[in-house]
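In the form predicted on its own, a lone chain appears below as structure tokens.
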Amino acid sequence: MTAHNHTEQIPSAEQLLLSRGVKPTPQRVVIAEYLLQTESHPTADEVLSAVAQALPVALSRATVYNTLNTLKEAGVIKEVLTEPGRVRYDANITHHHHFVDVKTGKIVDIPSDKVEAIGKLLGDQYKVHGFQVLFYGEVESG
């Protein structure tokens, strides 16, 4: 995972959507902005709660789900499955892994280079194209 260079211009949500061929409707921009600024890996319902007041009109659950699907298909966000039947969303589309704190439920990004060797441990008989690692445990404060 690389840190952003402070001289590098980070695109706005609207610019990002346009660059991915997604029409930047007010709903899409608000949802994309929220996902780009949060590190919490929210569910669709959490996205709805967080952005509902940001628009002058009511935002339906269906609009949120449709928008999340559109953003996912365009490669703006990706789905993260941390528990069965519960999809979360992540705007960090770089290759990385996740650690779930079982006490707090917080999900932390783990840079891919921290677990790079796992694919190599399988041996030559496996042709690994990619992998996602999901750690569960407790984050020690210190």
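One rule holds for the numbers: they count along the sequence shown, beginning at 1. Just so it is clear, the structure is predicted and the values come from calculations on it, not from any experiment.
The next section is about a form of this same protein that is not shown, the form predicted in complex with the DNA.
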The one option of I110, V87, L36, A54 with any heavy atom within 4.5 Å of the DNA in the predicted complex is V87
Contacting member of R61, K106, H95, K78, with respect to the DNA in the predicted complex [4.5 Å, heavy atom]: R61
Classify D45 as contacting or not contacting the DNA in the predicted complex by the rule of any non-hydrogen atom within 4.5 angstroms, answering yes or no. yes
Look up in the predicted complex whether N66 has a non-hydrogen atom within 4.5 angstroms of the DNA, and give yes or no. yes
With the partner left out of view, is H41 within 4.5 angstroms of the DNA in the predicted complex by any non-hydrogen atom? no
Contact of S19 with the DNA in the predicted complex (heavy atom, 4.5 Å): no
Quick one: which residues from 12-37 get a non-hydrogen atom within 4.5 Å of the DNA in the predicted complex? K23, T25, Q27, R28
